[in-house]
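The form predicted on its own is given below as one chain in C-alpha cells.
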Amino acid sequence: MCDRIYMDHAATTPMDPEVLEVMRSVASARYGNASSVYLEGRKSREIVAHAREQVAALLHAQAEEIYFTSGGTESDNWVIQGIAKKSPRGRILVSAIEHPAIRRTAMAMAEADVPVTFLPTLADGRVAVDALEAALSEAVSLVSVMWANNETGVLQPIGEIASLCRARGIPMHSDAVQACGTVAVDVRDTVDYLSLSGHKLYGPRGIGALYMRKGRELPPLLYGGHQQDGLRPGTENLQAIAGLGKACEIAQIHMEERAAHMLVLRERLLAGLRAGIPDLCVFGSLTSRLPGNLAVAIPGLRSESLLLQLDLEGIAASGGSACNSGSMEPSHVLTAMGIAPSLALDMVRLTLGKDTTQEEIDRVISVMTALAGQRA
C-alpha cells in the first residue's frame, strides 16, 4: 500500500517542525512560572509576551488585545457566555452554520432565557446579510458569524457585516479558527472579538487565543489567579503558547504561497472528480472559499461508507466537522443551505494542506472515481 494521504487538514494539521523545536526548547530550558518575580519567571514572561506579539501580528491587532486560551472552543464560549452574563436581556445573533462551539453555547444560553436568533444562510453557504441587517436593533448585544465555515470552507462577508454592526454600536465576534493562517484576517476595521486555535495552523493542540478589541470587555469565564489581567486565570502553558506564537509567525510569512499551492491542487482535484463522476455535487460557493477546502457528495454513496473505503485505500478524509464525528444526523450546515437530508448524508469533506502533493491529489481522484463507479 502507498503512504497514507491526509485530506483532513480542517480537522487538525500536523505540527510544523519549527514549532515543535521551539516547544522543545522552551519546555527544557524555561521552567519558571511566568507569574514569578525572579529571573526564571521573568524569562518565561518574556516568552509569553513575544508569543502575544506574534499572534497579534497575524491579526493586525495590538499585543495587549490577545488573551491565551485552551483553544477555539474556550474562546467561543468565553464570548457567548460573557456577553450573555453582561447583558442577560440582550439578544445574541448567530449564524445557522456556526461550529458546535458557538451553536451549542448559544443554544444553552437560549435555554437559560437569553434571547438568541439563528440567522439564515443562502444556498451558496454565505450568511444572508439582508436578514442579518433586518434583525439588528438596540436590543442586540452581540453578533457572531464565523470567518470561514469549517465544513464547506465558504468565506463569510465579515467586512460587510462588521460595518453594519459598527454603525449601530453592536459588538461583533467571529470564530476564525478555520481562516487564521490560511487567508488574511485583519481585525482593525472588522470584528471586536475573534477566536483562533493553534492546531488548525500547524501549531500545538490545546492552545488558542481570543482577540478582544481595546475598549470592549468580557467577564472571566474562569476564576482564579491574576494571570492575563485576571480575565483568563491559570498558570500559562508556556511551551504551547510559544508554539502558537511561532505557528502564527510562520503562517504570516508563508500564507500567500501556501494558499496558492492549495488552490491549484484543489482545482485539479475538483476537475478530476467532475470528469470521473459526472453527477458529483459540490457544496458552497467556489469563489468565496478557503483555498484548500472541497465539500462534495457522490449521490447514493453514504459518506460513512465512502470514508471507510477511502481509509482502506490509505486516504483520510471526513464527513464534516470532526466535532460531530459519529453523528447520523445530516449536517446542520448543509441543512441551513437548503440541501436535502438524503444528499447531505453523502457529503465528504476533502481538505488540503501546505504539504499536499499533486501525486496525492491524483491518487484521491482515481480512488474516488473507482468507488463511485461501484455504486449499485
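Predicted model, so just to flag it, every value in this text is computed and none were measured. Numbering starts at 1 and runs along the sequence shown.
Only in words, not in the display: the form predicted in complex with a small molecule, which the text now covers.
- Partner proximity in the predicted complex, defined as non-hydrogen atoms within 4.5 angstroms of the small molecule, places exactly one of 290-298, 275-283, 159-167, 197-205 at the interface: 197-205.
- When the small molecule is considered in the predicted complex, only one residue from R232, H99, R266, K246 comes within 4.5 Å through any heavy atom, namely H99.
- This chain is displayed alone, yet in the predicted complex one of Q252, Q239, T73, Q81 has a heavy atom within 4.5 Å of the small molecule; that residue is T73.
- No member of the trio V143, S144 and D192 reaches the small molecule in the predicted complex with any non-hydrogen atom inside 4.5 Å.
- Taking the partner from elsewhere, V154 is found to have every heavy atom lying beyond 4.5 Å of the small molecule in the predicted complex.
- A residue is said to contact a partner when one of its heavy atoms sits within 4.5 Å of a partner heavy atom; I92 fails this definition for the small molecule in the predicted complex, lying far away.
- Interface membership of V177, defined by any non-hydrogen atom within 4.5 Å of the small molecule in the predicted complex, is confirmed.
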